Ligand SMILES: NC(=O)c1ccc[n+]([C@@H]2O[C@H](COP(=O)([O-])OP(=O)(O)OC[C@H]3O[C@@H](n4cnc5c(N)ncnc54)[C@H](OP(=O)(O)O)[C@@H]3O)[C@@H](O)[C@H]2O)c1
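Given as structure tokens, the chain that follows is alone and in the form predicted on its own.
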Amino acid sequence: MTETSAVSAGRCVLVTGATGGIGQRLVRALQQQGYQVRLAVRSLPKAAALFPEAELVRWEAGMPVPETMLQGVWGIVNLAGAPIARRWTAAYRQEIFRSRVETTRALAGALSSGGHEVQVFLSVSATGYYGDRGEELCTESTPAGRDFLAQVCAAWEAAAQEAASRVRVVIPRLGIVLDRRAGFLPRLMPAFRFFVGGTLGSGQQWVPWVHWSDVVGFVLWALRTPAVQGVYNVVAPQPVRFRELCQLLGRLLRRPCWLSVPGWVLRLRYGALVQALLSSQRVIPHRAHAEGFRFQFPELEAALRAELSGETKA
């Protein structure tokens, strides 16, 4: 048994949002590290097919947290939230808010009431917290922006902090996650494969990106490191402009990067989501670096090569 496995052996971690891209990879990593895993999910059949060895509990936003769900739990990783990358109608904006804030508030409320053994509550947020910052360099102390996503993230984080009087609270602000199976890359790559790759808007906007293995690595590090507490930017140390990312992806795929999709076209397709797509966030992981976390993929080219070749597994 490794030293890490010895620390985690017998500890039960409750995970929400486990059927999402990061959730699936994290659950397997937790199991490999020796943690017992309990999953709070909306669909029991879907989760059972993905995780035949995990303990499942049906739970979602709007439902009270049953005492049995937290029984014997040492840590919670809250990844719940409706997908961002789809057209934002007024109703879907409400779902984005509800699925994040109400879920987190319910968990924090259950933790604040006591009567449990939970020691750490890790609840994700996003770099959308900063809004559109242009060329400004953003650290964890940079204040929240004013757009819709910034307001969602601020409320999301405030809900998690409601548990801080009882448990250790960790809030990773995630950048755009590079994962060949889910999220940003699978949506971007088909255009390049069909020779119509390009940028969104001017392409000058800064993109805070992170490889999925570094998200999983940060969560594992935060769980086992008692001094880790509060907000952390979980982004690669080297943000890039969107045009740079697209040009590099095109080069690795041996495809041109020549189109530039104007904002008005994006608005027709995605509605209010266009504001988030064109926002510039030059974010750095100041606290994570200062406190000893080391990124496996600090540079974009190595991260993209690993995903395109399928080298990284979980």
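Since the structure is predicted, the reported quantities are computational estimates derived from the model, not experimental observations. The first residue of the shown sequence is 1; numbering continues from there.
Beyond what is shown, the protein has a form predicted together with the ligand; the following relates to that form.
> I have 250, 257 and 305 flagged as a candidate spot, so tell me whether each of them has a non-hydrogen atom within 4.5 Å of the ligand in the model of the complex.
Heavy-atom distance to the ligand in the model of the complex: none of the three under 4.5 Å.
> Consider residue 213 of the chain shown here, and say whether it contacts the ligand in the model of the complex, taking contact as heavy atoms within 4.5 Å.
No, residue 213 sits far enough from the ligand in the model of the complex that none of its heavy atoms falls within 4.5 Å.
> Are any of the heavy atoms in residue 167 no more than 4.5 Å from a heavy atom of the ligand in the model of the complex?
Result no; residue 167 lies far from the ligand in the model of the complex.
> Does any part of residue 245 reach within 4.5 Å of the ligand in the model of the complex? Heavy atoms only, please.
Result no; residue 245 lies far from the ligand in the model of the complex.
> Should residue 286 be classed as touching the ligand in the model of the complex when contacts are defined as heavy atoms within 4.5 Å?
Heavy-atom contact with the ligand at 4.5 Å: absent for residue 286.
> With the ligand left out of view, which of 26, 41, 54, 70 would have a heavy atom within 4.5 Å of it in the model of the complex?
Going through each option in turn, the one that passes is 41.
> Of the options 76, 126, 207, 235, which one has a non-hydrogen atom that comes within 4.5 Å of the ligand in the model of the complex?
That would be 126.
> Could you tell me which of 110-118, 129-137, 221-229, 95-103 sits within 4.5 Å of the ligand in the model of the complex, going by non-hydrogen atoms?
Checking each option against the 4.5 Å cut-off leaves 95-103.
> Can you tell me which residues in 171-189 come within 4.5 angstroms of the ligand in the model of the complex, by heavy atoms?
The stretch touches the partner through 174, 175, 176, 177.
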